[in-house]
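Okay, so here's just one chain, in structure tokens, the form predicted alone.
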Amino acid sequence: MAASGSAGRKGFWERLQRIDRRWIYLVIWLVVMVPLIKPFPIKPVASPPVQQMFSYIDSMPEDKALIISVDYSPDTQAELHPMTLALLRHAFATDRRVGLVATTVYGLGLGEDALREVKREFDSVATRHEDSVISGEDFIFWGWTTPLLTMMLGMGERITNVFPVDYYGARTESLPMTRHVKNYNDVGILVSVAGSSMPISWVAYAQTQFGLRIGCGTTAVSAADYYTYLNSGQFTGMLAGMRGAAEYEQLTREKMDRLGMTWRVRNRGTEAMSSQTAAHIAIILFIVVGNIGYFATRRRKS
């Protein structure tokens, strides 16, 4: 009986070694999709680069603006768009003036989408004019222009010369926010959210020429290329991949709760991290079970 039970266990491991890999793909698909449809709660802990950027934006002088450069395209939207949303929420919750600029035509639609979503969140609960998010007063979407080098250098001299009209067609010289944000001297930090090497271009031209602080939001696969800039102090913080977005969302959520802004918003980075976490756990289990099966069957063969 004991020999029969041992043979049965070994048969199980042998069958497991020969399992059709399509079953594994099905399990991975399920553990990725189910949390996306119904996310389970997680509470990301901010890594030092994320905390560094959040703390700087949170504590920079009130008269300094935040510029977000939308430097990504739809192919990296899933990873990077949550960063733009979280940065906008943080800025509007703390009454920071925000300027949005795009370095590619793809960034126009993505930037406008992010502004519309966050503006709707704040306006839906506003009870007075000061609580609303107003174009031209609280933010300016400058849009996109070319050539890139002229834009990056020209904004350091006078932004209205580079962008005579904003994305919506209003003359930027006439907008109330322009009285406070004329060039890089009035900007606390520019955060380049990019799926390319655009943050390095901002360092090369805006920081080197004008001393502008630069922050970086990038895809996880590109993050390794940017740690040199982070460690040298050329980047004031960095958000790396979906995890970076989720960590910034968590910090922003906690900040908004402390300010009494307790309405719920959809944190897409955190939602996606629940799916990613489930996938990682499933893969770890597969590796463990696979190794047990390998050693169990090898012992039998020997």
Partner chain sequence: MKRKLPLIIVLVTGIFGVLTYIIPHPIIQDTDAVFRNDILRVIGAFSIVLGIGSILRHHFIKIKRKAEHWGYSWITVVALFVSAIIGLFGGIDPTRPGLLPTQVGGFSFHIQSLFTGLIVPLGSTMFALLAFFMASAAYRAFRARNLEATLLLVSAFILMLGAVPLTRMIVRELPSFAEWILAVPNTAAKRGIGFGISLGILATSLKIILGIERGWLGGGE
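Fair warning: this is a prediction, and the values are worked out from it, not measured in the lab. Between two forms, the rigid core is the largest collection of C-alphas that superpose within 1.5 Å. Numbering follows the first chain given and starts at 1.
Here the subject shifts to the form predicted together with the partner chain, a form of this protein not shown in this document.
In short, of 147-155, 85-93, 122-130, 185-193 it is 147-155 that has heavy atoms within 4.5 Å of the partner chain in the predicted complex. Only one of S201, T172, Q207, T76 comes within 4.5 Å of the partner chain in the predicted complex through a heavy atom, and that residue is T76. Though the partner is left out of this view, T262 does not reach within 4.5 Å of the partner chain in the predicted complex, counting heavy atoms only. In the predicted complex, at least one heavy atom of R116 sits within 4.5 Å of a heavy atom of the partner chain. A residue is said to contact a partner when one of its heavy atoms sits within 4.5 Å of a partner heavy atom; V162 meets this definition for the partner chain in the predicted complex.
In the predicted complex, the partner chain lies farther than 4.5 Å from every heavy atom of I37. Although the partner chain is not shown here, in the predicted complex the stretch 85-113 places heavy atoms of Y106, G109, L110, E112, D113 within 4.5 Å of it, in sequence order.
The Cα shift for A46 between this form and the one not shown, taken after rigid core superposition, is smaller than 2 angstroms.
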